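Listed next as structure tokens is one chain, alone, in the form predicted alone.
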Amino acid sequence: MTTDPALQIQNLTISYGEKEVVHDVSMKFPANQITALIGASGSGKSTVLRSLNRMNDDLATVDGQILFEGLNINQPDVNVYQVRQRIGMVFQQPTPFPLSIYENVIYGLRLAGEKDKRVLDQRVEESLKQAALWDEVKDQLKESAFALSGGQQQRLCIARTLAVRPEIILMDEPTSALDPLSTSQIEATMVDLKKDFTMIIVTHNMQQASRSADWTAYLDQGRLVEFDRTAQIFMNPQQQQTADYLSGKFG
């Protein structure tokens, strides 16, 4: 890793009640790259991801440091709303609001108090273009987001995240509910977006990680087993445990 990380976790430990589910994980996420977190169900990958913008606050006890722009955002006095503006999240299931396509995209901007229609119009077009959806919906912005296909809805959710101009985008299994064509479109969108954003994704799809990610971290039972460039992980893993998982021997 030759550049400063966009985000860094140090000694991250996460517990649900008395049960510790993530154990002392430390990682650096490089800027303008895609990092994939892989591992079997229950490995802790989604729990780690959701902690990066404080989504686990009401569910779990999160200890350790989450360093973003020199600040430990895992401190109680940090403004969580501001954190989530800077570190956005796209969920597994497409989650459009019962609003028009236009209003979905600018939802976060309206919450932040933006009222200038020129700014809103510009951000809608810009965000939909970045999410590779503008050409498909530019003539139906006033129509319900529910009229879109599943793949289009997921790209709309990406555009909604982009509209508030985060630096980092978290994606939790962003294509698991989609068909192969929509999955391919989302993957192409992710690769294009890394020019402007740092992306961290959780995926159970090994091929998706190998196609899309620059870096891959393999977690097992809440522990980080191996973290390296994706090609290295898939072609020449340094840990036997990683090799066994990738070859299907367990997980």
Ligand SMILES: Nc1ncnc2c1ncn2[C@@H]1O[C@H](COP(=O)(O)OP(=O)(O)OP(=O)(O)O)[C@@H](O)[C@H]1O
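Source: prediction; values computed, not measured. Residue numbers here begin at 1 and follow the sequence given.
Only in words, not in the display: the form predicted together with this ligand, which the text now covers.
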property: In the model of the complex, residue 136 touching this ligand (heavy atom, 4.5 Å); result: no
property: Residue 42, heavy atom within 4.5 angstroms of this ligand in the model of the complex; result: yes
property: This ligand contact in the model of the complex: residue 167, any heavy atom under 4.5 Å; result: no
property: Non-hydrogen atom contact residue 243 with this ligand in the model of the complex at 4.5 angstroms; result: no
property: Contact check for 191, 208 and 229 against this ligand in the model of the complex, heavy atom at 4.5 Å; result: no
property: 53, 46, 35, 185 - the one with a heavy atom within 4.5 Å of this ligand in the model of the complex; result: 46
property: Interface residues of 170-196 toward this ligand, as seen in the model of the complex [heavy atoms, 4.5 Å]; result: 173
